[in-house]
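Only one chain comes next, encoded as structure tokens, the form predicted on its own.
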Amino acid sequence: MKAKQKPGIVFQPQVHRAMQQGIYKLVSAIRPTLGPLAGGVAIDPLNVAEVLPEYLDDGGLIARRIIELQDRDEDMGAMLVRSMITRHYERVGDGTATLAVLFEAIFNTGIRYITAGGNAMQMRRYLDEGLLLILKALDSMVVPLVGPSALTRLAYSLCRQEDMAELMGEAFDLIGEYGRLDIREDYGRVLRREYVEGNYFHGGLFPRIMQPEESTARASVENAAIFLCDFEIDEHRDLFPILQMAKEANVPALVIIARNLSEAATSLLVAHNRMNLFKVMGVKLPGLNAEDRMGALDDLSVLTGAKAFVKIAGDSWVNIHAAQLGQARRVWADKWQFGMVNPGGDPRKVRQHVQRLKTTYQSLLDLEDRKKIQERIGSLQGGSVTLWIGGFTEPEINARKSQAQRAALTMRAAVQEGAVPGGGLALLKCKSVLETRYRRAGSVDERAAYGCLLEALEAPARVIYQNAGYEPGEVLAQLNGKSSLSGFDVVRGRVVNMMDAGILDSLMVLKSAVRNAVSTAALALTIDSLVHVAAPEMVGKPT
């Protein structure tokens, strides 16, 4: 354990030297993972009972494992990079190694200029202008991904496993950019998939007396009427108006969706089902908090055409009538979820509701909020896929599952915004735009900023080639004069058409990496002093 250190303030030139060393150490732990023929990193096990070190080839997880450097000044630089990488990792899942390499290249070149007397604030201004040019150039290269073949090629470039890539490509061709994809552990030796028909929600049957004899089986009703509310129904008498109205309306089956049903209320429904009248099924309203439950009420109301009875609005169903019930041709439920086939809501209203959710999704920045909206859209659009990930050992299963989850996150981003040539080629092709501005630069600071970006855009490709055992300078020389889609395939060892070879990057992921690298490096270059407190461990280290 480190000895307690005194508070203090550190000034230049020690600030840049120490931060540069910290950045170098953290990025050096991630750099070997970039590219299809990259290596990995061995990390001491977190659990003292484990003997073998943890092997990681994921830049985001590696950054998370590094929580402190011994030197406090260097730790400042390392934790700045760590925070940047983990934010990017949580949002888009992939591209962390590219981000780290880009950031270090920009920072190192910028430090040389500032040390020679350059102005950091002026340089930051031109770095931001260059960032906009790079993002615009990347947008011009985008190619939409259409059909299972293109999606499978992208998946293979992400996971390098043919069986997983084929399943992922098939899954995203079916569910699209917002569809529901569940990735679960399996104890078989092969990968398999399962398609779920209809609209699918998390929220299973109420207590086991409502389920079939086997807990893994499903209960199902045909031509069901839907009663929808967010109430906790404690008194069984509260169900009398609903059951009486359903009987008078001659419904074939009734599904009650509520926040909770008491044991007495559930027993009433079980007794009712034994009378051989219409069947009744009770399922839980999706959502773990009030906000999620209100979202589920809105979705289910639009989807089925049911009136949502909301407690906070003072609603009561004492005088309920049949027009307030929704419809679905079939409803199924098991212990964990329920689904509907051919719900009876107005298709036009459903489309409008989905479009509003898509607009909300695009405006959100928080990963968890985006994920919730995406799941709601997927449930409304219908259809879902479950991928079961197997393997020979528990560590292998966990590693493949983690790899599939990262690939799925990147593929969803690629389906939304398209793909660009991979292998570092897209960034190399952005150089032509910056070279024009470099030649026309009106000040030394502007020229330095564009020169910094030009050097950095080569860095990811150079690392990919070097990690695969090639001399970066020789490979880049082979690409001179080639077409815009010609890049070097390090697996085959030759120049290929990157799109035809399936070597692709998600546009959203790459733009996020570039944006984070440039903006964070520009900020880091303007840091002039470091302030240390007496006991940083009490303030709260990053998690």
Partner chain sequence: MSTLTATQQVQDAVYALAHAESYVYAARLTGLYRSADDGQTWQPLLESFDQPLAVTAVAAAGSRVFAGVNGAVLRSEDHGETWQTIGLASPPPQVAALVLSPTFASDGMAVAGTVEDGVFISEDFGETWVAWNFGLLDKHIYTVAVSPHFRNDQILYAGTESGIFRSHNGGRGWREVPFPMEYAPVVSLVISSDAPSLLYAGTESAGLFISTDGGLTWGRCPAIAPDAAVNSLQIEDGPTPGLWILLDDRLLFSADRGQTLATARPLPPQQRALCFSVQDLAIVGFADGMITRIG
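This structure is a prediction, so every number in the text was calculated from the model and none was measured. Residue numbers count along the first chain shown, from 1.
Omitted from view is the form predicted together with the partner chain, to which the following refers.
Exactly one listed residue, out of Leu174, Leu135, Leu357, Leu454, brings a non-hydrogen atom to within 4.5 Å of the partner chain in the model of the complex: Leu174. Residue Gly383 is the only one of Gly295, Gly383, Pro472, Gly203 with a heavy atom lying within 4.5 Å of the partner chain in the model of the complex. The candidate stretches are 454-462, 192-200, 440-448, 76-84, and the one lying within 4.5 Å of the partner chain in the model of the complex by heavy atoms is 192-200. Among heavy atoms of Arg125, none comes within 4.5 Å of the partner chain in the model of the complex. When the partner chain is considered in the model of the complex, Pro347 lines it closely, a heavy atom lying within 4.5 Å. Among heavy atoms of Glu222, some come within 4.5 Å of the partner chain in the model of the complex. Heavy atoms of Gly147 reach within 4.5 Å of the partner chain in the model of the complex, making it an interface residue. Taking the partner chain as positioned in the model of the complex, the residues of 318-353 that bring a heavy atom within 4.5 Å of it are, in sequence order, Arg329, Arg330, Asn342, Pro347, Arg348, Val350, Arg351, Gln352.
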